[in-house]
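Given next, in structure tokens, is a single chain: the form predicted on its own.
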């Protein structure tokens, strides 16, 4: 088959309208469903844009075409040419009367899992056969929305003067201190997979004012929860001449823009997933204020962190709001977060977390840009300043105060869509037990 010719002739299913009634068109896609009534065959064809019924008549349709319609397995890739006909009984109000029906790739039968939108197949098995699970409209809807979020993030950042960075994924030492690393051999040296582009985006922002990236991170933590991955992506942002409140404001603006773009471009997908979405407002609370609030609500939280229950409660108390929890205890933040004056043992930091719909979506804050203070903070966190020499030295030549944050791509998708497991928001997840597909 001449695929170039096919591309030129092909009509997307969603594009078919009354203008096409009575005309011969070419479509391609996958055979989603078949009903055989003996003298009548209904085949439902789906492409990425929608679905349409192809109707064959035993006494009218070409004999070979009618035969192929009845024996082609579900999820086979097919090309169909036929006339468009208005039909009140057909899905979408139109059907195609086939003139030719060609199978490009026959699917095995039986299928290893149910690919209907009402599938009850458990998530682990769905991911085992992810290439087939992606035939489901609800799964496609998740990643269409995620695509809109990614595009909107870049649009906002570029329009506001940001420079996109492409940062190294192989590093010589820890970026954050506490997170376990994946070691690897880099010629004669020992190296690690990056757990953050934190240090690099700071260096760029201190020269180019605003830096952003969509960056893959690896964290060798032995967790197995519905909200953590060992390989994930982050929306990263860093800004010079800024403190934590400046970048919190930037975060609120970009998330609002991202959500508004989803509402504008993905109405069909939101309806399919039964998601009610609003552009969020903002709420600012100190860590101490959240502690008092959780005590009143009888919800426990960590000494230097928010518990999952506390995050969930903030989501209940402040629905459709991004809750910024700032003035965080210094002991609960990485070495590169700027300390604030306070009583010994009760020092605060210029760090924050953002809670949205009961889930932490972002951590960030003002960075330490003073070399001597950075060395001091590294030592306090059990790290060796000599391992960070190039990073520390980058702040010796006019590095201004700066701040930033990282926001999980999959975490935000999960939060916005109300998914029960973060693996649903990853095309091919990597966790403690999964390396395939």
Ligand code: ATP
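Here the structure is a predicted model, which is why all the values come from computation and not from measurement. Residue numbers count along the first chain shown, from 1.
The same protein has a further form, the form predicted together with this ligand, not shown here; the description that follows concerns it.
Using a 4.5 Å cutoff between non-hydrogen atoms, residue 146 does not count as a contact of this ligand in the predicted bound form. Contact annotation for residue 69: none of its heavy atoms lies within 4.5 Å of this ligand in the predicted bound form. The closest heavy atom approach of residue 74 to this ligand in the predicted bound form falls outside 4.5 Å. This ligand in the predicted bound form is not approached by residue 29, whose heavy atoms all lie more than 4.5 angstroms from it. Residues of just one listed stretch (98 to 106, 220 to 228, 150 to 158, 291 to 299) have heavy atoms within 4.5 Å of this ligand in the predicted bound form: 220 to 228. In terms of contact with this ligand in the predicted bound form, the residue from 194, 202, 266, 232 that brings a heavy atom within 4.5 Å is 232.
Checked against this ligand in the predicted bound form, the candidates 417, 25, 16, 422 yield a single residue with a heavy atom inside 4.5 Å, and that residue is 422. If you take 407 to 429 and check each residue for a heavy atom within 4.5 Å of this ligand in the predicted bound form, you get 407, 408, 411, 422, in sequence order.
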